[in-house]
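Taking the form predicted alone, here's one chain by itself in structure tokens.
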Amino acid sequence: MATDTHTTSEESTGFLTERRADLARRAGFHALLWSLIAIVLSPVLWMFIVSVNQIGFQSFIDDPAAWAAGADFSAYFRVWYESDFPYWFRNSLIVSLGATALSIGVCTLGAYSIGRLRYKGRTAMATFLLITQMFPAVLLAIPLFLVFQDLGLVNSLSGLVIAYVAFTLPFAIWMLRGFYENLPQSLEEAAMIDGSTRLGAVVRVILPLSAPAIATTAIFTWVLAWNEFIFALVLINDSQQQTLPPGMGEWVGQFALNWDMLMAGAIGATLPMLIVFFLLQNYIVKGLAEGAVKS
């Protein structure tokens, strides 16, 4: 009897020890996770604080709650009503969406060609596209400006869309190529045995299966175009034709910085990306996961 009681006590003690260890592991994991989230979000929090009160960092450390006493949202009012920010926002939206639509339309077939078909020069083409990503944008912007000047595309949004397609297309092809390579060849073969042409197999079988990967590629392509600075700075001179990154750069003066307007504008420029990532997060996760799995 004493032996049974002793055994039960040991089992109970072992269960409690294991449960405590499990709780400790969970607490440690969540502490690490929330610490990383706090580190990632700290720049966004600091942007908001400076946008409503241009407090110094040392003053914030000395009294973290003091900034709230003098907070006001006048910088947001000046950004929207007393600057060209609405034009810049509209132009960024037009240019980034136009470049994304063209890039996805071209890269969908381009990535399929490089990832699925077997022909001479396929690897060299893929390598060439990768090499184009290694050049700094400023090296490409000057020759592009000279070409666009002859074509009459300088200072126009259509010219900027073309420049962004050239800038984002190699990235989009490489991102989508990996997904196409991982799809089983039997999918197209089955469709072609049933009488479909290769183009019909691509349209009816491959593209529907590729929807999450195409959506993910489109989102990252749009982010690249939305944040691009060098091409927009070189190819656009009119302030009302500028996009957000070089437009907000005008608030950086020679002797002073409009920190509150810069931070308010940065939050306004970041909001569309946050909304897109929040609404399409399932597609992003699914697209990235499917591209990483080898069939």
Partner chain sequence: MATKIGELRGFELPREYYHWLSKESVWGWLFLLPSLIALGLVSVYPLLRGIYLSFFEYDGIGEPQWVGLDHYAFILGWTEFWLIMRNTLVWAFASVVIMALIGLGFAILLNRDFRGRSIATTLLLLPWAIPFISIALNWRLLYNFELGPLNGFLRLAGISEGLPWIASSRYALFSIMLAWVWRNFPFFMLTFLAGMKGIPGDLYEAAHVDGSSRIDSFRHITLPFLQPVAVVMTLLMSLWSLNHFTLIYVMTGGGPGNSSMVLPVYIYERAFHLGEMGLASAIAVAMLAVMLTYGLIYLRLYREDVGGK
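Positions refer to the first chain, counted from 1. Just so you know, these numbers come straight off a predicted model, no measurement behind them. We call the rigid core whatever largest set of C-alpha positions still superposes within 1.5 Å between the two forms.
Omitted from view is the form predicted together with its partner chain, to which the following refers.
Peer 1: Applying a 4.5 Å heavy atom distance criterion, does residue 32 contact its partner chain in the predicted complex?
Peer 2: Contact with its partner chain, yes.
Peer 1: Is residue 274 a contact residue for its partner chain in the predicted complex, using a 4.5 Å heavy atom cut-off?
Peer 2: Looking in the predicted complex, residue contacts with its partner chain include residue 274, since a heavy atom lies within 4.5 Å.
Peer 1: Residue-level contact is defined here as any heavy atom of the residue lying within 4.5 Å of its partner chain in the predicted complex; does residue 145 satisfy this criterion?
Peer 2: Looking in the predicted complex, residue contacts with its partner chain include residue 145, since a heavy atom lies within 4.5 Å.
Peer 1: Is there a heavy atom of residue 110 no more than 4.5 Å from a heavy atom of its partner chain in the predicted complex?
Peer 2: Although its partner chain is absent here, residue 110 would touch it in the predicted complex, with heavy atoms inside 4.5 Å.
Peer 1: Using a 4.5 Å heavy atom cut-off, which of 93 to 101, 70 to 78, 115 to 123, 207 to 215 contacts its partner chain in the predicted complex?
Peer 2: Of the options, only 115 to 123 has residues within 4.5 Å of the partner.
Peer 1: Suppose contact means any heavy atom within 4.5 Å; which members of 202 to 226 contact its partner chain in the predicted complex?
Peer 2: The stretch touches the partner through 202, 220, 223, 226.
Peer 1: Given a core-based superposition, decide whether the C-alpha of residue 248 shifts by 2 Å or more between the shown form and the other one.
Peer 2: After core superposition, the C-alpha of residue 248 moves less than 2 Å between the shown form and the other one.
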